[in-house]
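Just one chain is shown here, as structure tokens, and it is the form predicted alone.
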């Protein structure tokens, strides 16, 4: 579903991604972890072409683009291959929950309003927020707002969803409800997911595979139990020890 070869991203003299090679199978859920500033969010933004790669090739669902050779039409097409869910929800505060979900269907996909409303209500039912369809974002909890953001992404029916710290803006007691929705989507819709997160328990519970990034490179990749209980590299061991200590502070 996703194939990345030699991905490099530079911001001026700073190399943020340094030769990323990555394959993600259809329906696979991959959690991307690592210290802050190691290129995790930049990786997602390059996959969605919110950031233009400096070098390398990205292929998603059969569409391959090579850095420096893309046309605007190709970039637009690539952006339709995946949806991004951000940590700060990015909901329209002047629109209610139902309108936040139907807007993209009507504007981007040109779905007639009546059909868009029907589909949006079904999505709200799936994420447990049908009773909030007339509510505005300011009246919702953080977990509810993030579920609306996920529902909006579901409405676009892409095969790939990219989550950038989906629980970082939430109180700890709200993380579980978002985790539950993401797990439900993965299981029921076979959606391919890349999830950048600092929540280690969340990563362990949600992912089929863990990627550990440092210095713009993939240092380690493995199944959740393998990574968390038997890390191969010294740097991964140090990282996990830090988060274990932080958890009990």
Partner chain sequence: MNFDLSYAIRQFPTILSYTGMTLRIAIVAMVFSVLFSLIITIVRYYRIPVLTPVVNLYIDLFRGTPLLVQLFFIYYGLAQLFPIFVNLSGYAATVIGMTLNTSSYMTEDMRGALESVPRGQVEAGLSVGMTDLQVMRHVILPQAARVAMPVMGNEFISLVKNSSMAFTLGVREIMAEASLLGTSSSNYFECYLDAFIVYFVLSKIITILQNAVERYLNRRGGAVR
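Rigid core: the largest C-alpha set superposing within 1.5 Å between the two forms. These figures come from a predicted structure and were not determined experimentally. Positions refer to the first chain, counted from 1.
The same protein also exists as the form predicted in complex with the partner chain; that form is not shown, yet it is the one meant from here on.
> So which of 175, 156, 111, 130 gets a non-hydrogen atom within 4.5 Å of the partner chain in the predicted complex?
Replying inline: Among 175, 156, 111, 130, a heavy atom within 4.5 Å of the partner chain in the predicted complex occurs only for 156.
>> To verify the annotation, which of these, 87, 126, 74, 80, has a non-hydrogen atom within 4.5 Å of the partner chain in the predicted complex?
In response: By the 4.5 Å heavy-atom cutoff, the listed residue in contact is 80.
>> So in the predicted complex, is the partner chain close enough to residue 148 to count as touching (4.5 Å, heavy atoms)?
In response: Contact check for residue 148: no, nothing within 4.5 Å of the partner chain in the predicted complex.
> Contact between residue 48 and the partner chain in the predicted complex at 4.5 Å, heavy atoms?
Replying inline: The answer is yes: residue 48 has a heavy atom within 4.5 Å of the partner chain.
> Quick one: is residue 117 in contact with the partner chain in the predicted complex, heavy atoms, 4.5 Å cut-off?
Replying inline: No, residue 117 sits far enough from the partner chain in the predicted complex that none of its heavy atoms falls within 4.5 Å.
>> Residue-level question: is residue 104 within 4.5 Å of the partner chain in the predicted complex, judged on heavy atoms?
In response: Yes, residue 104 is a contact residue.
>> Can you list, in sequence order, the residues from 89-107 that come within 4.5 Å of the partner chain in the predicted complex, counting heavy atoms only?
In response: Those in contact are 90, 91, 92, 93, 94, 95, 103, 104, 107.
> Does the distance between the two CA positions of residue 93 reach 2 Å or more between this form and the one not shown, the core being superposed?
Replying inline: Yes, residue 93 moves 2 Å or more.
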